[in-house]
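Only one chain is given next, in C-alpha cells, and it is the form predicted on its own.
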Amino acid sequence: MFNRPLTDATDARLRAQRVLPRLVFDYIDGAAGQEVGEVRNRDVLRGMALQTRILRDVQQRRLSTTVLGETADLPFGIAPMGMCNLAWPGADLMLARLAARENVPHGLSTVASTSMERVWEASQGKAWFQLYYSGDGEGTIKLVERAKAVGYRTLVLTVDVPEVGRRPRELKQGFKMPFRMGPRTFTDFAVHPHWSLTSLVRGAPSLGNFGPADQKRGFVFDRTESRAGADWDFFDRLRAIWPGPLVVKGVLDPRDAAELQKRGADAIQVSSHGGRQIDGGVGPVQALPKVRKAVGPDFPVFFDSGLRSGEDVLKVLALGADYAFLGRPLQFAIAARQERGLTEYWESVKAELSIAMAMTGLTDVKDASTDILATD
C-alpha cells in the first residue's frame, strides 16, 4: 500500500495517520473543539455545486495567474504552517523546493522548523514570511528586520491569534514544544518506528528561527504567550517599516477588511487558521463573499482553510478569492510518502482543477466567477 502513489487528500490523511505517532497526528489534524478541524467550513464547501456546461472548446486551459504583481503558474500556493518537520524531517525544505519548482508562493511560519534563511534559499525567492505578534511587539519588529535583511519581499501578518486556541486533542496527548518524553509518549513513538527512527537520526524538530544561536542574538518566542496586545497602532507601525507587500491573514469580518484596506494593507487573507482558534466562529467560505464585497472587485483577496482538492480551489476562486493556499494535506502527503507524496498530492490538485475548469466551460482560471456555481 505504501508503495502506491497518493490519489488525493483523503488518501494522504489516512496513510499519514498510520505513519505518525498519535501525538503528532493529533497536533496536525486537530482543531478547537471539534475532533476533526473545519467541519462546518468543509460542509459548506462540499455543499456548493459547480455548474457544468457542454459543447465549449476547452482544449487549452490556462491555470496561471498574477499574485501581488508577480506571475504564479498556479492559482494556489502553500499556506504558512508551524512545525512542518513534525510531519517528516526536512518537510519545510520539501515545501520550499516545491514552491520554486512550481513557481508559487510559499508561506513560511514564524514557528517553522527551519530557519527563514535556509527556506529563502531553497525556495529561490518564492517564500513569504508569516509573522506573529508577541509580547510587547519589540521582538516582533526585530524579526521583521531580520526577514528584510534576508531578502523576503512579502510579509504575512497573522492577526487571528490574540490567544492560542484551546485544542482538545493537543491537551489529551500532552503536546508541548519541545517534546517532553514520558512513558505514554515513549510507547506512542515506539509503535510508529519508521517516523520515530528517522526523526531520531535527523534530530527532534525544533523552532528553526529560535535556536540557541538565534536566542543569543535576541530572537526568542514562546508558543503559549499571549498575543492580545496587537492593535491597529501596531499595524500602522508595521506598515510604516515594511517596504514590500503586506498581507493580513485571518480576516473574517468585512468591517476589518475595509479598515485594513484603508490603512494600507496590500492584500487580505480570509482564513480561520484551519479551525484551530475557535470552534463556533464564522466559516471562511461564508465570510469570503462579504469580504470581497467590502473591499471591491480589484483589491487582492486570498483564501485558506479547508481546501482539499482542485474543485475546492475553483469554488473559492468563484466566490471572489484571487488566490488560494493549501495547508494540512501537504503535511499529510509528506508524512505518507515524503517528497514523492508531496508531488503526487500536488499533481492531483492540479489535475482536479483543470478537469473542473473543463467541466464548467472555463479556459482561463482568472475567469472563475459565481457564474460557474449552481444558484441553488
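Note that residue numbering follows the sequence shown and begins at 1. What you see is a predicted model, and the numbers here were worked out from it, not measured in a lab.
Only in words, not in the display: the form predicted in complex with a small molecule, which the text now covers.
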| item | value |
| --- | --- |
| Within 4.5 Å of the small molecule in the predicted complex, all of 123, 153 and 302 (non-hydrogen atom) | no |
| In the predicted complex, the residue from 89, 139, 283, 82 that sits within 4.5 Å of the small molecule by heavy atoms | 82 |
| Any non-hydrogen atom of residue 28 within 4.5 angstroms of the small molecule in the predicted complex | yes |
| 4.5 Å heavy atom contact, residue 327 and the small molecule in the predicted complex | yes |
| Partner proximity in the predicted complex: residue 111 to the small molecule, non-hydrogen atom cutoff 4.5 Å | yes |
| Non-hydrogen atom contact residue 106 with the small molecule in the predicted complex at 4.5 angstroms | no |
| One stretch from 265-273, 239-247, 113-121, 292-300 that, in the predicted complex, holds residues within 4.5 Å of the small molecule by heavy atom | 265-273 |
